[in-house]
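Okay, so here's just one chain, in structure tokens, the form predicted on its own.
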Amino acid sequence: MAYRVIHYINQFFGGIGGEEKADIAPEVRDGVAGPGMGLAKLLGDKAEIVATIICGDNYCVGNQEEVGKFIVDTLKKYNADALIAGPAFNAGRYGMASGFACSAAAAAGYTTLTGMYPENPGVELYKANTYIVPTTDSAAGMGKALPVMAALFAKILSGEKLGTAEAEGYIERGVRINTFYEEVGAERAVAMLLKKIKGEPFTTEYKMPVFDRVTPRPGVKDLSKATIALVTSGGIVPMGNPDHIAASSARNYGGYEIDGVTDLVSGKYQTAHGGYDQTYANQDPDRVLPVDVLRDLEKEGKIGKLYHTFYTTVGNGTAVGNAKKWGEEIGKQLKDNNVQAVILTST
């Protein structure tokens, strides 16, 4: 007998709409929708997707108690055994929603699994609560993600004992499991140390987390003499987006001259960002990049001057590695030009 499964997806993959529909409340449809069609084929006779929950990313993140109850009630209504969500790739809010959906179902005793890009914020928040298959950063990797998700999901549903995260193809959950060994811990530790000294491969029994810490800089002593720069991940660019910065998963950033510019006028500037409603940013780009306010402070003598170039990219789905690299490049340029402080705006 096939296991009965509920599939959770967002408004985009449910075919309802994009960002403008991110606030829709959850709804349930019988059968499969969107990527569920591919999952259903891959699961074959091992599991049946009996219904699909579709919910706006914003709505889920902002109404978790309600959405969590809806998910659990739907699982009960359809007499389901499990819930699978996504895959969400590197869409931050979708990842948060998929992780939450699995977490809510898991807390009620259901088997769960989802898929995300390892840098998706949903991974760190929910990896201890559910199995997460690593994916590429965009839906272009759907064809690679679904087979891995389906195979692991079928294995988990069957109750088969899983091997390590690396062997099974899921992101390490940080869950410690008691294991019995012939040798005591001291002997195993010395054996690993000797392998490390000899340059031989070894696997630690408990990986420690790696934190990227940034030491805060001292405050600016006199803002009235300081040069201040504007940097944004909100995607503000000159009209036409001359450097073709992508609306999601950006591969570059741009630097644009604002000498003599006192206001980012609609029609001359726009946002390239695809992760929020562009209406208000396009009406007045200063809402994201406050050139007008900085010019006022400059006139009032509260700051020395506004730096002649602003730097911009789109943070929506952008890989942390790229963001770090760009930050270092921009920081060097600003330091070389004697900029004392940076205001970094987001969305």
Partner chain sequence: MQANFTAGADTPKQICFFCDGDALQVLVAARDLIHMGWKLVHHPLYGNYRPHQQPYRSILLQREAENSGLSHEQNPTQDQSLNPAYQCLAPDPASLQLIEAALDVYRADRVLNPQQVPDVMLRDCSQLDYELMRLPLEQAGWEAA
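Positions refer to the first chain, counted from 1. This is a predicted model, so every value here is computed, not measured. What we label the rigid core is the largest C-alpha set whose atoms superpose within 1.5 Å from one form to the other.
Just so it is clear, the following notes concern the form predicted together with its partner chain, a form of the same protein that is not shown.
- Stretch-level contact check against its partner chain in the predicted bound form with heavy atoms at 4.5 Å: of 24-32, 61-69, 279-287, 37-45, the positive one is 279-287.
- Proximity of T52 to its partner chain in the predicted bound form: non-hydrogen atoms within 4.5 Å are absent; the residue sits far from the partner.
- The closest non-hydrogen atom of T309 lies beyond 4.5 Å of its partner chain in the predicted bound form.
- The closest heavy atom approach of G274 to its partner chain in the predicted bound form falls within 4.5 Å.
- Annotation: Cα of V314 displaced by at least 2 Å between the shown form and the other one, core superposition.
- After superposing the rigid core, the Cα of P134 is displaced by less than 2 Å between the shown form and the other one.
- If you fit the rigid core between the shown form and the other one, you'll see the Cα of V50 move by less than 2 angstroms.
- In the predicted bound form, the separation between the C-alpha atoms of A247 and A22 grows by 3 Å or more relative to the displayed form.
- Relative to the shown form, the Cα atoms of E124 and V314 move together by 3 Å or more in the predicted bound form.
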